[in-house]
Each structure stands twice: as structure tokens, then as C-alpha cells.
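As C-alpha cells, one chain now follows by itself in the form predicted on its own.
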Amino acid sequence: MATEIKVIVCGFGRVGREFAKLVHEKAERMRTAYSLDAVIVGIGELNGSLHHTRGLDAAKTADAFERAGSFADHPSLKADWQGLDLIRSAQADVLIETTPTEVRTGEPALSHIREALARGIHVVSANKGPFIRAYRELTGLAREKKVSLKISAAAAAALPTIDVAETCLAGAEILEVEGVLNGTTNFILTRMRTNGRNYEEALAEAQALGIAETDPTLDVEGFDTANKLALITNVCMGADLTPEDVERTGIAGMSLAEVQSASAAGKIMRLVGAARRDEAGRVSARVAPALLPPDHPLAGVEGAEKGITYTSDTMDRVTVVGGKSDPRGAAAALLKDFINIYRHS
């Protein structure tokens, strides 16, 4: 007999909609493999939210929102409700948080997560901002309320960065992290090295393929990598870093000659986020182009893929590579976290 789990989703952009579709698509597998029946009872949006105690048709709701761009004609619309109203009013077991969020403040996702945890609701989030700004507060609140707080989708979408550190390296002390954490910059550097494209040409190709945003600043200036690195080090190394604590150099304007010169010298250029713990226990972090030898585990991370290497005191070096970077990959990470709340409870 499957256990019914009532879910609310705050933020119904591409990742939120893909999560809803996956709940529908994977419903039978969740029932048979995990004895879980996920029922989406609410969806929170800034211009009105949906709430139905017996559940919404996840796939149809996602398709309708994509067509209309709002919930304007939906029979379960609460026009004056936003995310906080839904969290306070719906009887839910889990909050899935994918609201567009300002990284510098963590809002509005930070307020959503605080409210849910305070009410004893498990939280699964794809947002980095709240945990860069208030990680210790939120984890402390989760412990106090005896609920789960899962954030692997925030660290690198489907690449299981946090899972590997917390589960596979349990009991080990992580001394160093190195990561190729941004698919856009890695695609650009790969094209420059393998196809002889200059920076502007490689960026234009990434934009045409939907890998890079129209404004790629967050990626190419290293901000996205710094955000992810701060989050990963806080979770996996017990640090208390903000992105401003991370020394940062991006790849914007990188010359083809620099990339080709590295290749001629037998090195491969990647944008690497690295964090290290010194002998006094302090953690420092840096994002910058790095020249990797061919035998380095991250040297083979090609195209838009990502990868991360952990070095620990007892298990030495462990690397994981891959994972989709698109909205479906992020949604799959949310679903994984959701399932794992109940697998390990």
C-alpha cells in the first residue's frame, strides 16, 4: 500500500513544470518501487496560486500553464494567494521550492523555506540563494523541527555533488573540492580547443543551442560557479562562505591563442571552482581558468557536462561526472531528493 504524500510546489517555471510532469510520468514507479503516492495539492505563483485538497492533475496543469502563461482560468485558482499564503493554508507534507530567487538576498525562496520548516514541512529546493545566505539557520531549523531539508538540485542540477559527499564519503573529512560546475563555460572552452572557434563564435554557438543565456554574464564571469562552490563547501566542508568570499576570475574574452597555447603544452583549460581546507581548518575558495594535465579526472569533462572531484583524508580522490543540466535534469534531482526523504526515514 503506497503512502500518500501531499506536495506543494512554489514556482512553476520550467523546473517546477518539469517536476510536475515527472510526478505524473513516474507515478507507477514511485508506487511500486518506493510505496509513495505523490499528490500535488498546491502550486504557488506570484500572480495567483492553485490549491485543491484532493490533488491537481500534475501533467495537465503543467501543459495548461505553458499554453496560457498563468492560472487565470483554472477552477482551483486562489487569485490573491502567493507562495507564503499557500504554505500557510495548504495541509502539505513536502514543499518543492523552485521560485525565481535573488541570489544576494535568497528571497522570496528564503521566506518560503523558513515558513515551511517552521510548520514541520519537509523542504526540497532547487534554489541556491537561501542556502548561501542562511545555510546554518535553515539546517538548524530543520533539525529543531525534525524535518528534512534537501538541496542537491541547487548545487549542480542532476550532477550528484552533495549526494556523493554526504553519502559516499560519510565518515571521511573532505580536504579539497575541485569542480567544473558550469556547463556553458565548459562548452565554450571545449569548442575553442577542439574546433578552433574564438570566444565570440563559441559563445554564439552556445546561445544558439540554448546552452548559454542571452546575457551570459553569470556564467562567463564565474558568478554561477562561485555560487555553487560556496553552497557545496558550506554543506560538504562545514564552511560558512558567501559568493563574495570566493576569489573569482571568469573566461569572458578569453583568447583563442591562450586556449591553443595550453593545448600545445599538453594542458586542457577548464573553469575550475576549487576549495581547500588548510592545517588550521580554514576553508578558502577560488574560481579561475585552470590548466589541467590530461590525467586529471576533470580534464575529460567535455562540452556542456560538469564534474566534481573530492579529496578526503581516508578515501583519497573521488570524482563524479555527468548529469543533465537542463530543467528536466534539475527536476529529476528534486524528485530524487523527494524520494530519499522517505527512503531513509
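One-based numbering along the sequence shown. Predicted model, so just to flag it, every value in this text is computed and none were measured.
Not pictured, yet referred to below: the form predicted in complex with another copy of the chain.
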Next on the checklist: Within 4.5 Å, heavy atoms only, one stretch in 66 to 74, 23 to 31, 49 to 57, 281 to 289 touches another copy of the chain in the predicted complex. Which?
Outcome noted: 23 to 31
Checklist entry - Which listed residue (Ser148, Ser263, Ser111, Gln82) meets the criterion of a heavy atom within 4.5 Å of another copy of the chain in the predicted complex? => result Ser148
Item to check | Listed residue that, although another copy of the chain is not shown, lies within 4.5 Å of it in the predicted complex (heavy atoms), from Glu247, Glu200, Glu102, Glu173 | outcome: Glu173
Checklist entry - Applying a 4.5 Å heavy atom distance criterion, does Val39 contact another copy of the chain in the predicted complex? => result no
Checklist entry - Is the gap between Thr319 and another copy of the chain in the predicted complex 4.5 Å or less for some heavy atom pair? => result yes
Item to check | Cys168, heavy atom within 4.5 angstroms of another copy of the chain in the predicted complex | outcome: yes
Checklist entry - Would Lys336 count as a contact of another copy of the chain in the predicted complex, using a 4.5 angstroms cut-off between non-hydrogen atoms? => result yes
